[in-house]
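So this first bit is one chain, no partners, the form predicted on its own, shown in structure tokens.
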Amino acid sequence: MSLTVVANRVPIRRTDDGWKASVGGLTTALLPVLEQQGGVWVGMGEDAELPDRQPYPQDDPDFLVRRVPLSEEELENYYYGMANRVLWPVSHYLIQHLELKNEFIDTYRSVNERFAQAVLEESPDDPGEIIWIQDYHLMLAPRHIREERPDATIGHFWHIPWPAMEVFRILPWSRELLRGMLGCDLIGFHVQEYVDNFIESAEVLLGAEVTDDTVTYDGHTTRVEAHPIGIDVDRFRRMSATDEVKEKAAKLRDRLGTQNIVIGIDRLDYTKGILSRLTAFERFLEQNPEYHGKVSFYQIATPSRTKVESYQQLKREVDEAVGRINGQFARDNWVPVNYRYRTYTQFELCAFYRAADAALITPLRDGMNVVTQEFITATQNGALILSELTGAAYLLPEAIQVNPYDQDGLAGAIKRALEMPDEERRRRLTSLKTSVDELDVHRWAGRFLDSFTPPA
């Protein structure tokens, strides 16, 4: 078996020391497969100076990187437009952010067709070849490939939530997008809820025939399965156990000077619930004056999609909320909210995970949320407060689960986490670590690839 991976991004980056593998869960999971068995990785090309075809590594290639070059206009409409202003908000139930523009879908169609053509040019027409397409950027590509190569083995993994049928059908192009996905033999989602939502969408909107977790449409049958994704557990475990990380964690606790530290680590995205979380921490301080000077909330917000107006507006609102809370409660050497709008490496984040007494991970809607799993792996005694509106909540019941829209409930959860008895804290964390071990990203990739040939 060889593998063709089709994703929005390519898996390598140029550094001062030459070309290196990118950091990320998908790259971590799939590069070993390509290195062992050979294949192709197709992704978009944002830099006109880079070659369309690049064997990697250069000296002794294991696989081919194939770029699909995009113009600035195509990048704006396909990526910042259709992907980030249409598919992202509708998948997270935040339809107030939808921008339904014809130029978005028109460019999305043409870019998906070009991705499919690149796959057809580079992927061998071989019964043992697997074409594995990734995420919401490439919903139409499977059908284009299927039309040209009827016997191809095609899979798709959707890395974010799939919304309820009533929400997905809001899109004027919902049926076209579904038809594109159903060019696959296998579609994977994080949890069964998303599987059920997709199947209902196909049944109601297309009139597809549904049997258990299979969808038959236009003479082709697609299996739809739950394959929850994880992190590289061993890597995070090793990083968090280094002396350097331990030292950084200790210095952070000394610098903040409080008995308790609560962290939030997210991209600055309206789906992550950062504003609601800040309001909840404000309410916690109002309701629990005995914690003034004794608890610090450290919120890291990684810049994201800075060209999109809704993200610019969110930054302004977060800045104002942090200023309001600190202006009301700060005293002497105590700053209740420490806010950092910058990017940290995964190694640096491990120090925050180890230093924290609790992590507040409360998206308004989310999939598996890898930060959750990173925290569980790195922490030694931390409590996890987790939004029940994430896919991760189905698999991590030992977390303190909360409704992210309920500020009083969130405030109560913070108090509960900080006052949790040691025995209960250890018991919950032990179970959480066991679950995260099982979700390991390498196991995820193996399970998905094995599912192309299910047992008879």
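Residue indices: 1-based, along the sequence shown. Only a predicted model underlies this, so the values are computations on that prediction, with no experimental measurement involved.
Quick note: we don't show the form predicted in complex with adenosine-5'-diphosphate-glucose (ADQ), though the next part is all about it.
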property	result
Heavy atom of residue 180 within 4.5 Å of adenosine-5'-diphosphate-glucose (ADQ) in the predicted bound form	no
Residue contact check: residue 344 to adenosine-5'-diphosphate-glucose (ADQ) in the predicted bound form, 4.5 Å heavy atom	yes
4.5 Å heavy atom contact, residue 386 to adenosine-5'-diphosphate-glucose (ADQ) in the predicted bound form	no
4.5 Å heavy atom contact, residue 272 and adenosine-5'-diphosphate-glucose (ADQ) in the predicted bound form	yes
Residues 43, 65 and 152 all lining adenosine-5'-diphosphate-glucose (ADQ) in the predicted bound form, heavy atom within 4.5 Å	no
Stretch in contact, per heavy atom within 4.5 angstroms of adenosine-5'-diphosphate-glucose (ADQ) in the predicted bound form, of 252 to 260, 109 to 117, 311 to 319, 293 to 301	293 to 301
Sole residue of 171, 285, 370, 130 within 4.5 Å of adenosine-5'-diphosphate-glucose (ADQ) in the predicted bound form, by heavy atom	370
Contacting member of 199, 191, 278, 160, with respect to adenosine-5'-diphosphate-glucose (ADQ) in the predicted bound form [4.5 Å, heavy atom]	160
Within 86 to 104, the residues that have a heavy atom no more than 4.5 Å from adenosine-5'-diphosphate-glucose (ADQ) in the predicted bound form	88
